[in-house]
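The chain that follows stands alone, in the form predicted on its own, written as structure tokens.
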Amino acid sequence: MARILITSGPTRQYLDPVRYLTNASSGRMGLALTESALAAGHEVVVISGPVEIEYPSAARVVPVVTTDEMLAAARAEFAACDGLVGVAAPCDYKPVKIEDRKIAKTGEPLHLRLIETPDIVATLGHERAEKGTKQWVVGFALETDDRHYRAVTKLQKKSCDLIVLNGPEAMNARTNDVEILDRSGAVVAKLAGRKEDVAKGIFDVIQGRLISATR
């Protein structure tokens, strides 16, 4: 049995007490992967941003809101895990300053200064590589242009063992269409259909190529 960390759902980056940046991630893919891992007899820890779905009671769920909170929780949990599936869609940017009061309308354009948030999968991938552990890392890449090239670039930059490539149509949908790439950039599987079925196919690849290989 492996202990698997799964990040899931979106994160929120607040602009003021009521407004925030986010995306349409529903957490359904994370839920489906959690169910597949549990069905295979593994232990699962889910770090989830704000979602309306419910994760299985057999999984331990750590709720977070911001990208920084998700990273802190992931770093704390990953040390005791065999592998990571980074399926969450964290916000890539956050405001330089969060206003204490609600931003009032003035009739003029509102200019926001944003900075990049930390990359969770890359951080954990680099840290386990530096430590030389036997942990494995699976990332997700949502791309619209030059999809294969960008996915391979992310796989290498984030020190992943596998990366799952999909498109924006996966956001808040009940189906998905993915390709799984290995470290060489080769496509080792193509899967399409209900997220539950796609998740099972993804986990079968993880089981065969990563979990079984480290036993």
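One rule holds for the numbers: they count along the sequence shown, beginning at 1. Just so it is clear, the model here is predicted, and its values are computed rather than measured.
Heads up, the form predicted in complex with cytidine-5'-monophosphate isn't pictured, but that's what we're talking about next.
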Looking at 75-83, 97-105, 126-134, 112-120, which stretch has residues with any non-hydrogen atom within 4.5 Å of cytidine-5'-monophosphate in the predicted complex?
112-120
Are all three residues V87, F140 and K158 in contact with cytidine-5'-monophosphate in the predicted complex, where contact means a non-hydrogen atom within 4.5 Å?
yes
Contacting member of N176, T67, S36, S26, with respect to cytidine-5'-monophosphate in the predicted complex [4.5 Å, heavy atom]
T67
In the predicted complex, H42 touching cytidine-5'-monophosphate (heavy atom, 4.5 Å)
no
